[in-house]
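Just one chain is shown here, as structure tokens, and it is the form predicted alone.
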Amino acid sequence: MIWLQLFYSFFKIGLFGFGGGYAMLSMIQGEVVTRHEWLTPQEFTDIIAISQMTPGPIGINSATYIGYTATGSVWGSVLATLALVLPSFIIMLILYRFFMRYHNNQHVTDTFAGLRPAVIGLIASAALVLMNSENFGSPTDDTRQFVASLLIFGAVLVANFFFRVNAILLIVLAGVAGFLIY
């Protein structure tokens, strides 16, 4: 039964997860942590961290890791990854013909313009999902970790947004800072 649930969950995420992998994270968490309880919040956070570090799209990487973790089998990885990609593949085959014929149409242009705010909202939702006590600590449980996490977060945000520092350099520096502080 878990195989069918796994396929259905990731097919649904692939079908309705507009905006890429980061926008899908809240949907993935809702399915695998909250609804089916295949993972704990800590395991989900760890899988997201690993998915960010490995090459490839975060949505596909996380589906692969979650499929393996939920089933204990490589076939679970294959099934979850295929289920996540399949809706996009089917939709792209259908839309290719439509878009090539109507790509200059004002209604099509307006539709894509209307999707942009929704995608931004989904990405913001993913950011909020990751701002939890597993990642930042808790001000009541460990004030030092919480303050240090906020300082690292703020420094990376400022360096990226205002000074356009390379993201890979920021990841390495944040890792070094975390190692030295903790």
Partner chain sequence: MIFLQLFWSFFKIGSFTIGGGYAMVPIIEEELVRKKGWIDSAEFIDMLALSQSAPGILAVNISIATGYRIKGLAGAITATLGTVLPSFIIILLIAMFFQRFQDNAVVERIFKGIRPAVVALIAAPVFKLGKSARINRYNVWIPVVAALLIWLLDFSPIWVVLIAGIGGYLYGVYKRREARK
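Residue numbers count along the first chain shown, from 1. Think of the rigid core as the biggest set of C-alphas that the two forms share within 1.5 Å after superposition. Bear in mind that the values here come from a model prediction, so they are computed numbers and not experimental data.
Absent from the display: the form predicted together with the partner chain. The rest refers to it.
The closest non-hydrogen atom of residue 130 lies within 4.5 Å of the partner chain in the predicted bound form. Mapping the unseen interface onto this chain, residue 54 counts among the residues with a heavy atom inside 4.5 Å of the partner chain in the predicted bound form. Interface residue remark: residue 33 is not counted as part of the site for the partner chain in the predicted bound form, having no heavy atom within 4.5 Å.
Under a 4.5 angstroms non-hydrogen atom cutoff, the partner chain in the predicted bound form has residue 117 among its neighbouring residues. Interface residues of 161-182, taken as those with a heavy atom within 4.5 Å of the partner chain in the predicted bound form (partner not displayed): 161, 164, 167, 168, 170, 171, 174, 175, 178, 179, 182, in sequence order. Annotation for residue 142: C-alpha shift under 2 angstroms between the shown form and the other one, rigid core superposed.
If you fit the rigid core between the shown form and the other one, you'll see the Cα of residue 73 move by less than 2 angstroms. Relative to the superposed rigid core, the position of the CA of residue 114 differs between the shown form and the other one by 2 Å or more.
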